[in-house]
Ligand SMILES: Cc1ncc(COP(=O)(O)O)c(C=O)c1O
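As a starting point, one isolated chain is supplied in C-alpha cells, in the form predicted on its own.
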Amino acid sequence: MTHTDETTSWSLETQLIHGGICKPPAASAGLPTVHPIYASTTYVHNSAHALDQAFNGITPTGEQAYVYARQGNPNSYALEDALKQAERGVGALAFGSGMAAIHTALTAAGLTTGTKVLASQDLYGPSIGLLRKVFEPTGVTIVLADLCNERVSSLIENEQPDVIYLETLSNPLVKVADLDKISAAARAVGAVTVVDSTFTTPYLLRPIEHGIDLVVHSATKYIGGHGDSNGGIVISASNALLNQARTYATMFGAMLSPFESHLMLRGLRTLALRMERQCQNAMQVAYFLQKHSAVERVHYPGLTQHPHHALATTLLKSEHFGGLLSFELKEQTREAAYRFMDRLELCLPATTLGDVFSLVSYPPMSSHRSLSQRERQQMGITEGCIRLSVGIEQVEDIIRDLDQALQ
C-alpha cells in the first residue's frame, strides 16, 4: 500500500491498523489483507544489473529492494514503515531486541572515543550496563544525572554533552521527562538526543514532535503486546541519522526475523485498544493501592500527588498516564516483597512488561539487579519497591488479586 495524502491524514488509531500492508508484485492475483511472511534469506533479481541496483536498497522505480535478509526483508520493512508513520519520523529500523536497538541508536548518535553522553540516572539497568561495559571502555565519558529535574537545562549547558540519552517515563518509578525543555537545551549545545519511548508508545507520546532526534522502543513490550516475540525499533527524525543507523545495523547483524516482524505488526494493530484499557485499569489500580494499609506510597503520574503530574498532563495523551506503575510496601524488605509475589494468583511474576497480562516484577531482583543496593537507593528504588505492568483483564479481578496478596 502506498501512502497517499489520504492515508497520512488518518488518525493514529486507523494508521496502526492499516499500516505496513505492502503491495506484492502480482497485485492482479488478489491482495492479502494480512502481510505474508517472507522466510527467504536471499532474493533473486531478473538481471545482474537489477541485482547491482538492489544493493542500494531501492529499485529504479523507487520501490524497496531486497538482497539479503541481514539488510532487511519485506516483513521488517512493513513494520518499520508502520512505526515510521506512527512516530512521525523519516524512517525506522527493526532489530532483534530492544538492547540491540539502543546500542545502534547510541552508536549512530556519535558515541565514540572522546565523546560524552549525559544519561538519565533512572535508566533501565541493562541500559546503564551497556554504557558502562561497552561504551565507557572505548573512551566515552558517561555522566549519569537526574534528567527529570526542573534544572535540566542548566545541567545540559554545564555538561556540554555530545549525546543525551533518557526515557520518557523512568523505570520503575515512572518519573516524567520534559522533552521540550531537554531538546531545546540539547540543540543549544549541539547534542543528539536519544529517547527510549517504550513505556509511552506513539499512542501516548511522539517524542519527535517534541524535538527529539532518535526514538527507541523495546517492541517486545507494548508494541508486540502478547509476550510472544522479542524486538526493538529505532525511529529517526532525520535522514542523516537514519542512514548512519542503517549502516551500523547491517554491520551489527541484529536484524529482526520475518516471523517476529509479523507478530510485532499484528500486535501493533491492537496497540491503541490495549493501551486505552491498560491506562484505564492502571488509574483504578493506583487509586486502590494508594489507600491500602500495606502500601507506603504509589508512583504513578496519573495521581495528583506525583511530582510530575502536571507535566504528564500536558505531555501525554489527555487523561492517559500509561499502564505502568510502582508501589512501595510498608515493610521495606526483600522478604516481604517475595511473600507478596508468591501469593499472587492472577498477576504474573515476570521480568517483562506491556503484555495483555498483568505482570509484577521486583526491580532489585530483575531490571536493576546489576546495580548495588546503594545505587538503587540513590535512584529511589527501595527494598520494598514493586513494579506493576497493568494488563487488560477486568480491573476488579486485578484489584482483588493484589488485595489478597497484600493481606
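Residue positions are given as counts along the sequence shown, with the first one as 1. Predicted model, so just to flag it, every value in this text is computed and none were measured.
Although it is not shown, the form predicted in complex with the ligand is what the next lines describe.
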property	result
In the model of the complex, the residue from 220, 104, 326, 193 that sits within 4.5 Å of the ligand by heavy atoms	220
Listed residue (87, 260, 167, 213) with a non-hydrogen atom within 4.5 angstroms of the ligand in the model of the complex	167
Proximity of residue 281 to the ligand in the model of the complex, heavy atoms at 4.5 Å	no
Touches the ligand in the model of the complex: residue 203 (any heavy atom, 4.5 Å)	no
In the model of the complex, residue 183 touching the ligand (heavy atom, 4.5 Å)	no
Contact test in the model of the complex: residue 140 vs the ligand, heavy atoms, 4.5 Å	no
Proximity to the ligand in the model of the complex (heavy atom, within 4.5 Å), stretch among 110-118, 96-104, 268-276, 239-247	96-104
Heavy atom of each of 124, 198 and 353 within 4.5 Å of the ligand in the model of the complex	yes
